[in-house]
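What follows is one chain in structure tokens, specifically the form predicted on its own.
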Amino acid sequence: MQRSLLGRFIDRPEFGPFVLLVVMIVVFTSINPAFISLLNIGNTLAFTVELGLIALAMTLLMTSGEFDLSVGAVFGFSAVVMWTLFNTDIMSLPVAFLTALGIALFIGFVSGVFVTILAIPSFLVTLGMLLVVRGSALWVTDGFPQRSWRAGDQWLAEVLVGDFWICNWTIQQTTCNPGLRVYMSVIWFTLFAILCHYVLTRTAFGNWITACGGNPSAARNRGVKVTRVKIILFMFSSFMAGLAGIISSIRTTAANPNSGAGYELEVIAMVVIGGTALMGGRGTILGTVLGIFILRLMRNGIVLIGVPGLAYNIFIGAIILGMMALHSWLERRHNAGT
């Protein structure tokens, strides 16, 4: 018998995160209406999408059965490289930008080679890469943040982090009253989310990613280039981490060698909460987008309602455990056909 539309929706991995996000918004808004103010939404989006860029790439990588612990270090290192090259007049900003992203791609390539060709678990490889990259950032800067600068009229800064205002109109007004501040990073995040969703769900490469995570041996027997796919995904993961770090450095006018510390675990939590299988074989970009907003809005919301910020990890840990239990129940329910 054909399942009802509601039943199919409940079976989807995005169901749990969607319900949790709605409940969270309702609860926080009822306690403090400022939670959904345009000012708070704009400020929250600015940082949320920077981590979100990394989470999108991590979703594809985890779907293939691997993960990357070095993304937080690459986040900080790429910004340090770009601004060191620019501030010392070695390169123009666009060339320094491309160089930093090229180095990020190389870091991902090395990680991918170690994992696939040398058959070393990604946990060990990327943990080692985390230490190498973070140590390199500290060595280049002598452990101190880069000096502040002004991006000025640099077109690259405008393209990456330029902002615009969405008007907040009232009946009495005839002119635009700035309401919601939107950074270009939101646009970039949206475009990459659409691209990653399309690749994962509508292309042969997306099928290869899922096959690599589900059963690598069977995928190889069917002609899938497992090694090539995983190396590409490691490179994409580092690329997105580097891009996110550069965007963040322009927005905050600071390149700190320690920035991004701990981001790797938060990004993995976003992906897992969204419904992507930790061991690979199943991934969802839509679920990851929901997971991104769940964690970032949770951090923002508990501060607005007066909960100590140090309690954030308690909430996140509880959410991860709860979502894992829910995903497990939904999967058993789906397999049983009920």
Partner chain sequence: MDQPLIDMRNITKHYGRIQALTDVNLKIAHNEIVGLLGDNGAGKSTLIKVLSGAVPLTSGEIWIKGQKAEINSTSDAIENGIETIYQDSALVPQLSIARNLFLGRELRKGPRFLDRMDLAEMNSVASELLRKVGISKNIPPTTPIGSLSGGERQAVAIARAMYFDSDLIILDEPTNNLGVAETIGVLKFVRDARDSGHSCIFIAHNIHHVFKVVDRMVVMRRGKIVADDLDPKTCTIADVEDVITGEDLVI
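Positions refer to the first chain, counted from 1. Only a predicted model underlies this, so the values are computations on that prediction, with no experimental measurement involved.
Although it is not shown, the form predicted in complex with its partner chain is what the next lines describe.
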query = Where does its partner chain sit in the predicted bound form: which of 251-259, 217-225, 116-124, 89-97, heavy atoms within 4.5 Å?
reply = 217-225
ask   = Just one of Phe109, Phe164, Trp155, Tyr198 has a heavy atom within 4.5 angstroms of its partner chain in the predicted bound form, so which one?
value = Tyr198
request  = Give a yes/no on whether Gly280 approaches its partner chain to within 4.5 Å in the predicted bound form, heavy atoms considered.
outcome  = yes
task = Find out whether any non-hydrogen atom of Leu233 is located within 4.5 angstroms of its partner chain in the predicted bound form, and reply yes or no.
result = no
key: Touches its partner chain in the predicted bound form: Leu243 (any heavy atom, 4.5 Å)   = no
key: Distance check, Trp188 to its partner chain in the predicted bound form, heavy atom within 4.5 Å   = no
